[in-house]
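One chain follows as C-alpha cells, the form predicted alone.
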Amino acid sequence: MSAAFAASSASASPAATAAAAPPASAEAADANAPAPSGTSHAAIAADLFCAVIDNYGDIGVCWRLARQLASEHGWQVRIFVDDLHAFQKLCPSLALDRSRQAVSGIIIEHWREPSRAGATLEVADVVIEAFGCEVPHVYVAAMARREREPVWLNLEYLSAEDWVADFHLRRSPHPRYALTKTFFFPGLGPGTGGVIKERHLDAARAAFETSSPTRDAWWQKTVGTPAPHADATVVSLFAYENPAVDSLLVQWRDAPTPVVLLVPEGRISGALARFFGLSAFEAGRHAERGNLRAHALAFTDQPGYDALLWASDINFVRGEDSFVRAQWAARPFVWHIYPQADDAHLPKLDAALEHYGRGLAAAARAALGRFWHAWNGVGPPDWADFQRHREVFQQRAVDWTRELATLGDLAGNLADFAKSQLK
C-alpha cells in the first residue's frame, strides 16, 4: 500500500468469510477451530476490515491499531484482510496458506469470497472499515439484525488539512438499515483523532538511544557493519520512485562530511543500483562513491523499522505509516507524500508543513518547505541548504513530539469514543 495522505477511498469490497469473535490466545488458531460464541469478562470485540490498495500503509496502520487495541485496551480484535502477502511483510509469522489464524492474540481472516452463501456471521461490538474499504453487504445485513446496534466506524486516511476537524465524528445513517456510520479522522491538530502511538514507544526509543551496546548490536545485525563515526550523517531512505534522488545522491557523494545511507529494499532500490552502476541494489549490498556509503537493508517488521528511524540522523519517509513513525522518532525527516493526479497532493503536503513548521524561525521554515517540495517534484533538492538548519530541525523534532502527544493517541481516542457509544 501506500497510504495516500487523505486520498480518496478505494471501492474494492470482497465479501466476508464466516468467523466468530476472536479468542485472546496468542497461539496460532486452526482455520477450522471453533470460536467462542461471545466475549468474556465484558471485553469489547472489534472487527477491522482492511483492503490493501497499494504497498503496505493500509495494513500497516491496521496492524498497529489492532495490536494496540488488544494489548492496551483489552479488546478482542479480528482483522479481515484481502492480501496476506503484503501483511506477511510486516508480520513474518503470518502463514499464507491459512484462511484463519491468530497472531499476538488477534484473529486474522483472509478476506475473500466465501465458498458458499448463507454463512453465519457473528458481528462484533465495534466494526471498523479502514480507509473506506466498505464492509461487505452480507456483514452489514448481519449488523442490522444484531440485537444491540454495533458501533460502526469508518477510519479515514490521515490528513493535516483544516477541514478534518469539522468532519471528524460526523455521522452518516445507512440508507436501508437502522445503522449509523461515524467517520473517524486521524489528524495533526485539535479536534481530530490524533495518530497512532503506543504507550511504551517513548521508553523504547529512550532505551535505544541511551544504550551504546544496543545501538552497536543493531548496526551489526541490521547493516553488518559497526556504527559509523560521529562525523557521519546517517540517513534512512524509504520512498516511492523519485526523480529527485539522482541529484541528491550526487550531492551526498560530494558532501564535505560522510553520509551513510540506509535503504530498505523497495521501490527506490533501482535508482540506487543505477547510481552505483550495479545490476541490483538488493538487501545486503554495500556500495560507496566519494563521501557516500550506502547499505541496502532487508524489509523489516514494524518494530525493526522504528529502530531504523532511531538509528538515523535524518529520515526520508513515505505515505502515512512511516510518516507518523518518523514524527515519534524525534528526528528531522523529509516526507514523500503519495503522489496524486494534477498535484492534488501538494496542498496536503503544505497543510502538514503548516503544522510541523509552525515552531520554526522563518529561515528554517522556508528551507524545510523548499526541501520537502523539491523531494515531491517541485524544484531541485538542495542538501546544503537543508543541512544549514540541522540543529534547529532537530530541536523542532523533539518539541513536535510533545505537541502531537497533547492530542492523545488514535487507538485511545477511538476506544474512548466507542465505549461512550456502547453505554
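Don't overthink the numbering: it's just position in the shown sequence, from 1. In this text, all values refer to a predicted model and were calculated from it rather than measured experimentally.
Here the subject shifts to the form predicted in complex with 2'-deoxy-thymidine-beta-L-rhamnose (TRH), a form of this protein not shown in this document.
Of the residues Trp383, Trp372, Phe393, Tyr56, just one reaches 2'-deoxy-thymidine-beta-L-rhamnose (TRH) in the predicted complex with a heavy atom at 4.5 Å or closer; this is Tyr56.
For the residues Asn291, Ser71, Thr182, Thr300, the 4.5 Å heavy atom test against 2'-deoxy-thymidine-beta-L-rhamnose (TRH) in the predicted complex is passed only by Thr300. Although the partner is absent here, Arg64 sits close enough that one of its heavy atoms falls within 4.5 Å of 2'-deoxy-thymidine-beta-L-rhamnose (TRH) in the predicted complex.
Although the partner is absent here, Tyr305 is a contact residue: one of its heavy atoms lies within 4.5 angstroms of 2'-deoxy-thymidine-beta-L-rhamnose (TRH) in the predicted complex. Although the partner is absent here, Trp152 lies well away from 2'-deoxy-thymidine-beta-L-rhamnose (TRH) in the predicted complex, with no heavy atom inside 4.5 Å.
Using a 4.5 angstroms limit between non-hydrogen atoms, Tyr139 is distant from 2'-deoxy-thymidine-beta-L-rhamnose (TRH) in the predicted complex. Here the chain stands by itself, but in the predicted complex one stretch of 76-84, 98-106, 200-208, 316-324, 316-324, has heavy atoms within 4.5 Å of 2'-deoxy-thymidine-beta-L-rhamnose (TRH). Along 137-158, a single residue, Tyr157, places a heavy atom within 4.5 Å of 2'-deoxy-thymidine-beta-L-rhamnose (TRH) in the predicted complex.
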